[in-house]
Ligand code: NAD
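A single chain comes next, written as structure tokens; it is the form predicted alone.
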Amino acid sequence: MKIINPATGAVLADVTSDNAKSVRNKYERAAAAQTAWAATPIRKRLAAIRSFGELITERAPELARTLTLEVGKPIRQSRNELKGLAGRIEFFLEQSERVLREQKVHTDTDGVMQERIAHEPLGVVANISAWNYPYFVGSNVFVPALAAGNTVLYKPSEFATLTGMHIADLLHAAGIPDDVFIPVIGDGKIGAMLLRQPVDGVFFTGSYATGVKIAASTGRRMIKTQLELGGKDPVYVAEDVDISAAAAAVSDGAFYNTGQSCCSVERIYVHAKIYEAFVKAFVAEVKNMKQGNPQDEATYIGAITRRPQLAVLQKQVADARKKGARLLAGGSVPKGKGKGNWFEPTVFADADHRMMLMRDESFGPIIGLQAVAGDDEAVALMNDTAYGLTAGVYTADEKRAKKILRRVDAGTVYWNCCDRVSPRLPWSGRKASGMGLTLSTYGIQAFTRPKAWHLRRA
């Protein structure tokens, strides 16, 4: 399997892919190792995870460079991902022992009958991860899974294979046994082979179409399934905002990581009273974003990781132009970029819901803005989507923001911020954005099965 630099089209490495026989062998190794790993004292398991975090910090420059080379992420943003990983690991280290501890929930007044809840690991977990934030998305699964006593078959995206191999090497160096965390290397066909193994849980991040296929397969087997899928995340900008500050914040939410974030802002609704002024300020912000070599410290817009996505973006541009939206920035593949996957940061004003741009997932540096008469119209449009990952409101009035966001059908909501994830809060999607959750204390329990104990003294 060839690993391609999306910024240049050059081959970075040739990697040996797994096959049906090796995937089966890896499952058998993980299954055989799981009982002993679950019996390992939790403090020892957590100590290995802590060492992993320390190794990440020590090797951050090298890891960031590899990440940028294979996914096209600007180097500063790669370093930000690695830096942010430390906080997520620390959260799991602080909370796992308490959350996983057996609980006494009731004792009869006479002391004869006691009720307890134990949290047992799922067993062997298949972690099929994503390329856009491989450290964040992967660690949301494998860190709490390992802490809870599961073994993990980790399939990195084929577009972040080298990073996935780094993750495996560092976990092993930190003290996680080789058979407890096993990388499975390959494309979607190898992922399908992994899903055919008798695993005890599947945690997938990717497209809605693939998620539906996974759910159909795992549903018949009655195993734990977590699906983090697509999004078409909206932001509403009310008329009482500081226009310059809101434009800077929302443009960052739309174009950070070249618009390839699960919770990137993909639709913007602006109160009619400030619409033209906001559009002007927003476009000015976007035109100041430097697009170029991802290894350059000044670069803000990098390469598109997956080449087929260029056609998706071009189709959305053509559709929006045909249906009357105003193209104010970008709109095409820039010239002089060689064989790399490049697309200009693109802004459309006067977009509406007849357009693919406002309905279909973009996952790239493109955004549409639409004027609204007020809060009710904004809420209706924000909810007019197949997805339900995140939604945000910018207003000076907290009470107003909460009233609006309570009416929005999304798993995560923001007031005066966007494109943000916290390890302390659950990360979950509604509707076509998926099912299940990661992060927070709920995202630790997600990797366990509760066992109810009824204990009666003779």
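Sequential numbering from 1, following the sequence displayed. Computed from a predicted model, the values in this text were never measured in an experiment.
Separately, the form predicted together with the ligand exists; it is not shown, and the next lines address it.
The stretch among 205-213, 103-111, 291-299, 327-335 whose residues place heavy atoms within 4.5 Å of the ligand in the model of the complex is 205-213. Contact annotation: Phe278 falls outside 4.5 Å of the ligand in the model of the complex, judged by heavy atom distances. At least one heavy atom of Ala192 is located within 4.5 Å of the ligand in the model of the complex.
Contact annotation: Gly175 falls outside 4.5 Å of the ligand in the model of the complex, judged by heavy atom distances. In the model of the complex, at least one heavy atom of Asp187 sits within 4.5 Å of the ligand.
In the model of the complex, no residue of the candidate spot (Tyr236, Thr385 and Asp419) has a heavy atom lying within 4.5 Å of the ligand.
Though the ligand is absent from this view, in the model of the complex it lies within 4.5 Å of a heavy atom of just one residue from Ala320, Val137, Ala303, Ile367, which is Val137.
Comment: the ligand is not present in this chain, but in the model of the complex one of Gly230, Gly164, Pro121, Gly340 has a heavy atom within 4.5 Å of it, namely Gly230.
Of all the residues from 374-409, the single one having a non-hydrogen atom no more than 4.5 Å from the ligand in the model of the complex is Leu389.
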